[in-house]
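Okay, so here's just one chain, in structure tokens, the form predicted alone.
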Amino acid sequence: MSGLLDATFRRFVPSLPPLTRNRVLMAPLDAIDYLARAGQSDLAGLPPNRMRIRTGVGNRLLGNGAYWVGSGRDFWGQQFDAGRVRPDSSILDLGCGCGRCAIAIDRFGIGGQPFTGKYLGLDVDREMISWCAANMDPTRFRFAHVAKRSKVYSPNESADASATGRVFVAEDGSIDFMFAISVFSHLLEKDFIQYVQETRRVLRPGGRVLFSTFCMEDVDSGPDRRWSFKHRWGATFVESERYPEAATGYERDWVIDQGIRAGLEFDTTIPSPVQTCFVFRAK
């Protein structure tokens, strides 16, 4: 029943992020969230609630602060335990949003040790990049905007970096660990391929990348499920033709093939009924 209700909600609201840009609409939620967090030191200094909703909080429109912080902390623990990242790593966070993982690594470090490496966060959302740049230590954390049009995440963007070649403002072979959580799941085929190629360009030999996308063999989809992906555009399975970048899915072999074509070595997949993670290594 909950799946049916969620699917019905998604038909009327196919993409939540556009609503979070309406500050008048979001003002009551931002105010309630701010007052609810008052006096809680572990939830101090977080970005506005509307931004956290935009980055994904499991449909928690309120009371998502602890979840938001905890999910960032848990991510770094998982990557350290898997041997993909160290306290001194050079890191690229593609789709950094309003700093979920940046705040977590700053507060909790990696593997119980303070973070001493360098962190670069990239996103197409100018508002969230501005918030991060104004609220994080610039000596270790750098943030940059990616000029890319998206009906969902950057509807007012006048330029498109995807048409000019280089997308990531990182030097060739400069990154030890790159990750992109729920970024490739919003890319159409042409941009997906280009982002994989850019990933290979910026990784050092031996560097790892982990990114998630909706994998058609794993995702829990169907007429009464949250996701249907009934529209197909080339290699891309699209959830909503009105907002095509709201959710895109791909077949597993196609994703692996794009990594190999770009010069990456396939490592593993971490299947999920929501988004599956793909891990590659730079040769």
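Given the structure is predicted, the values throughout are model-derived calculations rather than measurements. One-based numbering along the sequence shown.
Unshown form predicted in complex with a small molecule; subsequent notes refer to it.
- In the predicted complex, the small molecule lies within 4.5 Å of some heavy atom of S182.
- Proximity of G207 to the small molecule in the predicted complex: non-hydrogen atoms within 4.5 Å are absent; the residue sits far from the partner.
- Within this chain, V196 is remote from the site of the small molecule in the predicted complex, having no heavy atom within 4.5 Å.
- Although the partner is absent here, Q258 is not a contact residue: none of its heavy atoms lies within 4.5 angstroms of the small molecule in the predicted complex.
- Contact with the small molecule in the predicted complex, judged as any non-hydrogen atom within 4.5 angstroms, is confined among 131-139, 109-117, 95-103, 169-177 to 95-103.
- The listed set T55, N64, S240, S228 contains one residue whose heavy atoms approach the small molecule in the predicted complex to within 4.5 Å, identified as T55.
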